[in-house]
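The same protein chain appears twice below, in two forms, each given on its own as structure tokens and labelled structure 1 and structure 2.
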Structure 1
């Protein structure tokens, strides 16, 4: 009922505005259509100028407002490159933005029809102008593409041989992180062996490399500062995305396909806490691909620390095997009875 009354009230307001509008149109016929038209013209043209000026002021205000809310400095080398390329692009597009918008609203005001301006200037085309304003954007784009591709190949370059390898696998709705353990090698996994009770990643226990692997289901990833890392990214169910805003990186996690990201963190979590003045600072892993109703809560974290801290932490981690001893199959060193097929994940790596 209340809804209906509100509806009627809104309708009434609309009708009233409409009638006011209509009467002003009628008045215009009495006062002389021409006069009113010019007056409307002047008002609207001036409003455009006001809009432009307030807009510029608004942009400035908006900048002020967001200062201090944005991301801190990039926490890896490619991220620094990213930020500088972003600023270059912002400068180029910013100049174009202000120039074209200013011209648009300036023309809109200047060339309004008025008592003085009663006709237009017949000017239908100019090939030289077209050539100029085709060439200039083309050059600008070439430069941006050149910078972009240089950075792109750098950021997608294969990880250096000494990189530590960490696997991160998405599932609805959390991240599973696996470290290769002492042998420095991740064992084979098979989605058919997954079992939420005691084998979340489907580790194939017939592969000895799995015996010392370490899995964190809390979504916390530990990395060593200044040590290159290669993330092997996968998914158990639907597409997720490993979003690392502080490193200016992201990569999809697609079931059946393995993708990678490699980077070198340069700032530890502790340093970042002092840099940002935020004692709660933490590097976050945000899922960036809609993956279902819990997408927004699919949060992981990264702790970047020194080698010593990392080693100390690592020493305390139990192997996944020790915590989840499978009853059926024991890891067999060397030969295997069950033939482990090479996994698609291994085959389809992009780098």
Structure 2
């Protein structure tokens, strides 16, 4: 019954709209179509101006309302330059947008059809105008692209010699983070050796550099403030994307391809908690590429700390090799391999 009543109400609305249309048509015949047309033109032209003013006011209010939702200050020098580039781009495009829209709506009002203006002025083309409105945007776009390329080359350029190296690998659906050990060099990986039970990154145990590598499967990355970092980015399965919004950086993680990002954190996590007034603040690692049904849960965090805090944290971390104790081979110097020595508990079980 309720559905039938709703159907009747919808039908009634359509009937009313139809009757209003018929009434307007009859009124235009009685008053004269030309009179109604001119009056309608004046109304629409005035509404154009009103809509423009309300639209600009709405943009301003939205900016005020959402200002608190913007990201906090950039946490690296590269991020500061990206913010500067964004503001320049916003200023240039904002001025062009406001100017073109103001002219558009003003022309609709000023050159409306009236008793004095029965036809429009025919203007085919102007070489001078075409040169102006082609050259100026081209120069502006070239400058903006040049600024963008400068920033891009900076984050993809070779990292400084004193940069710490951290590898981050995406997998469905979490991040794996690997640090070099005391030898300060990451060991060789082989995707054919990947085993979720005890070798999540496919470390080649015949490479001695893998013996002291540290792997975090929790998605938490530790970095040192004011020290350059080189991120080695990869993927174990599908295309992911390392998104670092607080550092204004992102880079695809592509299977079979190792890409890099370089930057220098300038604000510790503790300092950012004070700046934002949020005691639970963390730097986020987001996956900015749809990577499957669990994409929503693929989130990591970054802890930016002092060198002393980082060293203290690193000293507590066990090597991935010692945690997993692969029994087939163990890393040794050179290119040879040997059987790993069984643990005491394993010897007892054998005996």
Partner chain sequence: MNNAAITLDGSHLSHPAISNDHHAEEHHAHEHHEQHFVWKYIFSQDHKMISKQFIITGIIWAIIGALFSVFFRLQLGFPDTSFPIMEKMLGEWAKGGKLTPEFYYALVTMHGTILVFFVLTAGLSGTFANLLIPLQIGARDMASPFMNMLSYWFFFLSSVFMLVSLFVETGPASGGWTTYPPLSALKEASKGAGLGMDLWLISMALFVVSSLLGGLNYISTVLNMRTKGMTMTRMPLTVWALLFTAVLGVLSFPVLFSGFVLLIFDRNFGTSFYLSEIFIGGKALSHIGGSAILYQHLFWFLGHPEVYIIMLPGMGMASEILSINSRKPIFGYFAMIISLVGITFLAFVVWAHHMFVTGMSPFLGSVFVLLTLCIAVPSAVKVFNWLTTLWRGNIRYNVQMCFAIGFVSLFISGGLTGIFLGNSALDIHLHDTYFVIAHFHIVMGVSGIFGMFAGIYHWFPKMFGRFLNSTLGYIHFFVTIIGAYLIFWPMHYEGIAGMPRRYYDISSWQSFKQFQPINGFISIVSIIVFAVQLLFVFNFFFSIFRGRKMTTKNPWGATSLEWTTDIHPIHGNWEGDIPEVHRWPYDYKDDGNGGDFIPQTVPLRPGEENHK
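C-alpha atoms forming the largest set that superposes within 1.5 Å between two forms make up the rigid core. Note that the structure is predicted; figures quoted are calculated from it, not measured. Residue numbers count along the first chain shown, from 1.
It is structure 1 that shows the chain in the form predicted together with the partner chain. On core superposition, residue 11 has its C-alpha offset by 6.2 angstrom between structures 1 and 2.
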